[in-house]
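This document starts with one chain, in the form predicted alone, laid out as structure tokens.
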């Protein structure tokens, strides 16, 4: 163990770790987690992980007992997204492990570093259909970056070391470690490797000078360039390099949904979000650009609309990504750089020069002023867009905001101008309802001094609202803003627009009284039905030093616009009734 690690343990009050001491597999696991500087664990105990929980008793770790394993993994995910550190969760075998599956897939789709630890039945019972036996490594192979089944306690330290390395390097992702109960109970002298060597795994790709030179030359020739900055900017902590590069080259920046916050939404060069519910200017920029520079972006179907041949029809596409598999996967590219976006931009900035783009920037500014996000105000009717504007204005855009999935998610992306990376936390790829609230818990634990807002719908909130018990128990001051339109709003919108108003199974009018539900958990509950009430109760919520649930009763039939219908191209935007 290094001198630095020993000093860190002493500073944090962690007992000295004795190498060579014979300990159980469960104790080995916890010592490995200490050496990986894990502080918080989100989990739910059960039979197969009892040895681990017995070792946790009285330990250094801060364990958060969620009320469902899905809550545990979403909270670990929120913690990881808010910090960039790996989130850690624990679940027992069988149903405990399978309850993690949606959360694992959520993290895999959005490239979030997680280490998921599951227990399993003893190896002598594997394959016998034993009580609470499930082949969780087999189940999760398609949705993990890697997975381990621990057969021998002596392999456990190496596997934990590798798991954290794989989860956090290259393109981040979830790694699963499945520990049978007999391994957790077995004993062996404690060791921990200093380094990781994994055959065939290239953790970090640094672009060559030739690749960077080609990248710079392609960009410098453009007169109508635009940067498409994705979640890779945030994962690589490349927000400063992106800003420096954009300002030096005078290239406007579009943030993908996952990239929001990677470039300040208030910056003069910001064009905000493109795609299905993106704004007019961002989509027009992609349609008219002569060079699209993709930085850590996947060119997914919510941006290309699946019409990749018609996407950015006038542009050469330059693509930088740490995952070589993404290069040329969805769109045809002229120049590709397989490398870390931070190091690529750092090498490119000294070589770059300003593009001849001022006429282009003026055109984009004109579009932005002519076609902003807008909606119709209607007297005392509380519009959902107004709720998001209220949240933004009251926090000056400085809050960490999590969302569930649906209309409220899109309105948040449109009307909250994110200034900082890791301030917008949402399930982008998988689109997981129930994600937002537990993710906010993880984010608030990671940043106890920041305002954390969970914007949720009345549908998704009911999938994980049992986690109100946690915010009450630990006084975690998350502010929950329920955008309550008493229906499954996005489903209703599609049924209105594409299914001739045949509203099938979207009615949520029999939902609970969310104020009373919050109060039942010992959490402050408030309600607003008009713009005036909304301002008053939200001010009260922000002034309260604990968790608050605010039920915003909004207009039921409001739709998200702009909208590009599935199967259409970006030039076929519906701007809405206004």
Partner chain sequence: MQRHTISVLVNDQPGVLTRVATLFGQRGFNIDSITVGGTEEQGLSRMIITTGGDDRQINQLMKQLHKLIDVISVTNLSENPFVSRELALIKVTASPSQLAELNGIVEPFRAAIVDVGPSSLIVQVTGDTEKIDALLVLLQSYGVIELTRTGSVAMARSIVPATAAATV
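Small disclaimer: the values here were computed from a predicted structure and weren't measured. Positions refer to the first chain, counted from 1.
Beyond what is shown, the protein has a form predicted together with its partner chain; the following relates to that form.
In the predicted bound form, residue 350 stays away from its partner chain, with no heavy atom inside 4.5 Å. Although the partner is absent from this view, residue 359 stays clear of its partner chain in the predicted bound form, with no non-hydrogen atom inside 4.5 angstroms.
Proximity of residue 147 to its partner chain in the predicted bound form: non-hydrogen atoms within 4.5 Å are present. Put simply, residue 330 is close to its partner chain in the predicted bound form: some heavy atom of it is within 4.5 Å. With the partner omitted from this view, the residue of 371, 201, 474, 494 that lies near its partner chain in the predicted bound form is 201 [heavy atom within 4.5 Å].
This chain is drawn without its partner chain; in the predicted bound form, the residue among 508, 141, 218, 354 with a heavy atom within 4.5 Å of it is 141. The chain is drawn here without its partner chain; in the predicted bound form, the stretch among 362-370, 125-133, 330-338, 225-233 whose residues come within 4.5 Å of it by any heavy atom is 330-338. Contact here is defined as any heavy atom lying within 4.5 Å of its partner chain in the predicted bound form, and by that definition each of 151, 171 and 324 is a contact residue.
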